[in-house]
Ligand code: AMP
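Before any questions on binding or motion, here is one chain by itself as structure tokens, the form predicted alone.
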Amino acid sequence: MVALRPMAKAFLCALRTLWARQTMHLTHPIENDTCSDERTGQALLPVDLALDLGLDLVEPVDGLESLPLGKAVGRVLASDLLTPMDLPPFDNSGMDGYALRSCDTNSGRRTKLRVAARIAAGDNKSLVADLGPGEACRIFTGAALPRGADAVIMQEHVTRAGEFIVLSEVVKPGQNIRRQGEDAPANSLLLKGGTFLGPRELGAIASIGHAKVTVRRKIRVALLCTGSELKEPGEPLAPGQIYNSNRYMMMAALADPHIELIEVEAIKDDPASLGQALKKAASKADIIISTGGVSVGEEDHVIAQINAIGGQVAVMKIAMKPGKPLSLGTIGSTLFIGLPGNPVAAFTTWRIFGVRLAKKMSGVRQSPRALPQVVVAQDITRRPGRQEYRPARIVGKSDEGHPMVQLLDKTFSAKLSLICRADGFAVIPAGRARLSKGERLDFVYL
């Protein structure tokens, strides 16, 4: 199970959340006092504050694995990795051509050099005699430079005449040479711990001769889809029932190499069954993700059952559209992420919150990074109060070269077909009631 911070930490987070809810209308004024729940009047947490509170609940898992490089794709490097040797390990040619002494070409006149040797990549440079005055060596890309040579001229820039080459240019020292250690000197940092291992990273690890790499273990995730109305695809629907799209959407969202989905369960809106399922999942998962049941309706039992089994909810009610009912907390040492039941809201909150929390738990190095910006293609009006993640489609480029986006339907919380047509979410600040064509917004690519 994941090592979360002590219970006192969760308690302090809860106090901090309560304080934020009580004071936000003073410290985060929103136009027309709309940053509150329309039904309860409760202040809503700004997205950035809610995310910080959620991240405070999480520490990286402490289990490690040693994996062959071929099985480490998408895993998270456990600790900093240093180069045990210089990269490249020897001076070598960056071109197919001829290695020579640059001083032999200083006259700038027609120079004739005898080809004294031939070196291909993989030839042992210790077997090559020193290159003497007036001599050149036929050499190929990646081959070790012969002793005495300090430059390589491209084969296209010389004329071959039997045992000789003829050139009419001055060659500079170091020309077309890859110097020993210029990529990375011995004992330098190659990769930081917390790096996702993709093609570039695995290529770099292979270049220093490591056949295995130490990674953090996978995080174990349990997915609980709540709702008595849910049926599985392929089953007949009775009146009032819908298909369980959240199950397959979230299974796909969790199909990452650093995540192990250990349980997927559909649960009816029954408090006893829900409490039992949460307790069982908490006994073996690092993260429990639920969909639905976290709002304030009479059939929304998730939060009450978390409290009943001794869990704590640190974050509730976000000033976010869609996704206001998102809840974050802990059950013992297990992180709880309560996503809304509406499919688009569940997808959006997982993308904005869940991905970040899961990455931190996986040990991924967190680095603040500004979102890319886009330009709005049309004027819009909206009700201010919540930070909105509006599905948008890229329709061109602005004069400054920024992507131009068309904002799609503003009533979209359950419209999966709408986000299937979107290229991402345009992020509309909470207090904005109007946007004019040409304004810039942050953008979350999907």
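So that there is no doubt, residue numbering starts at 1 and follows the sequence shown. Computed from a prediction, not measured in an experiment: that's the story for all the values here.
What follows is about the form predicted together with adenosine monophosphate (AMP), which we do not show.
Within 4.5 Å, heavy atoms only: does Gly323 come near adenosine monophosphate (AMP) in the predicted bound form? No - in the predicted bound form, heavy atoms of Gly323 and adenosine monophosphate (AMP) never come within 4.5 Å of each other.
Check your understanding: Taking the shortest heavy atom distance, is Asn244 within 4.5 Å of adenosine monophosphate (AMP) in the predicted bound form?
Key -> Yes.
Closest heavy atom of Pro340 to adenosine monophosphate (AMP) in the predicted bound form, within 4.5 Å or not? Answer yes; at least one heavy atom of Pro340 falls within 4.5 Å of adenosine monophosphate (AMP) in the predicted bound form.
Report task. Answer for Gln305 alone: is it within 4.5 Å of adenosine monophosphate (AMP) in the predicted bound form, judged on heavy atom distances? Result -> Looking in the predicted bound form, residue contacts with adenosine monophosphate (AMP) do not include Gln305, since no heavy atom lies within 4.5 Å.
Would you kindly say which of Gly363, Gly292, Gly354, Gly329 lies with a heavy atom within 4.5 Å of adenosine monophosphate (AMP) in the predicted bound form? The option sitting close enough to the partner is Gly292.
- Query: So which of Glu169, Asp123, Asp183, Glu229 gets a non-hydrogen atom within 4.5 Å of adenosine monophosphate (AMP) in the predicted bound form?
  - Reply: The residue in contact is Glu229.
Partner absent here, but in the predicted bound form, which of 175 to 183, 77 to 85, 235 to 243, 115 to 123 has residues with a heavy atom within 4.5 Å of adenosine monophosphate (AMP)? Looking at the other structure, the answer is 235 to 243.
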